[in-house]
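Below sits a lone chain in structure tokens, taken as the form predicted on its own.
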């Protein structure tokens, strides 16, 4: 298997605060990695560095074997990287269907008919065939987030990044979004998920990474990290989560 993402000795600072410290990560095609850890540990920053929403201070990032540098065409890079945020960021004045067709038409130049055909397929995939004509204000939070997932998939990305995709949702809506993500995982999509949903991590992840203070403290299979954590910091975090 080929490395799709490689981060070597990545350092990221915000002012005087070092958010990532000599951070290393290798991600294989088809792998599903879940990143857990306390707030402020740098989890979301890892995702934002992969798709260059945040420039790094030092170190290097490779995507699909190519170095990501200041000369990299960021538009071309981001077309290959789907990202789903905490907030849904849908266009409020566009229907679910229009939200999903917008980027393929504008960025990739795909015809409306082709874009709509694919958007209908993706909205059906996330369980929203009956909501294609609805505007975001007419959808629940969980439905909006599923539109956002369909929108990211419409660009046919090589990888999907999820930044705490359920944290803004009411508890009863969390399950429908996690189910959509599980189905994506079953389809073989390469995924990096930052989440506090430990049951999702146990069920879906090939690898769980525990981060603290900008570093990977521990990583391994869900069984290794959740059942047999080696590091005291991991043990303390999981104990607090379970309580």
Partner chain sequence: MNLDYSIVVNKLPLLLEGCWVTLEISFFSLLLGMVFGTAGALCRLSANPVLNRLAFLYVWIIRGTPVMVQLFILYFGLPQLGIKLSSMTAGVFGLAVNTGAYITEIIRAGIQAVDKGQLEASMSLGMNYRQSMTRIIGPQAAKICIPPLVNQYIMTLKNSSIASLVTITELFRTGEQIIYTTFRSFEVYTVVAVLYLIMNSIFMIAADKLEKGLARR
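Quick caveat, the model's predicted, so the values are computed rather than measured. Numbering follows the first chain given and starts at 1.
Omitted here: the form predicted together with the partner chain. The next part is about that form.
This chain is drawn without the partner chain; in the predicted bound form, the residue among 53, 179, 198, 189 with a heavy atom within 4.5 Å of it is 53. This chain lacks the partner; the member of 124, 173, 107, 168 within 4.5 angstroms of the partner chain in the predicted bound form by a non-hydrogen atom is 107. If you check the partner chain in the predicted bound form, you find no heavy atom from any of 32, 60 and 70 within 4.5 Å. Comparing 179-187, 207-215, 44-52, 24-32 against the partner chain in the predicted bound form, the single stretch with non-hydrogen atoms within 4.5 angstroms of it is 44-52. Remark: residue 158 does not count among the residues lining the partner chain in the predicted bound form, judged by a heavy atom distance of 4.5 Å or less. At the 4.5 Å threshold, heavy atoms of residue 102 reach the partner chain in the predicted bound form. Proximity of residue 113 to the partner chain in the predicted bound form: non-hydrogen atoms within 4.5 Å are absent; the residue sits far from the partner. Among residues of the shown chain, residue 83 is one whose heavy atoms approach the partner chain to within 4.5 Å in the predicted bound form. Taking the partner chain as positioned in the predicted bound form, the residues of 76-110 that bring a heavy atom within 4.5 Å of it are, in sequence order, 78, 79, 81, 83, 85, 89, 90, 91, 92, 93, 94, 102, 103, 106, 107.
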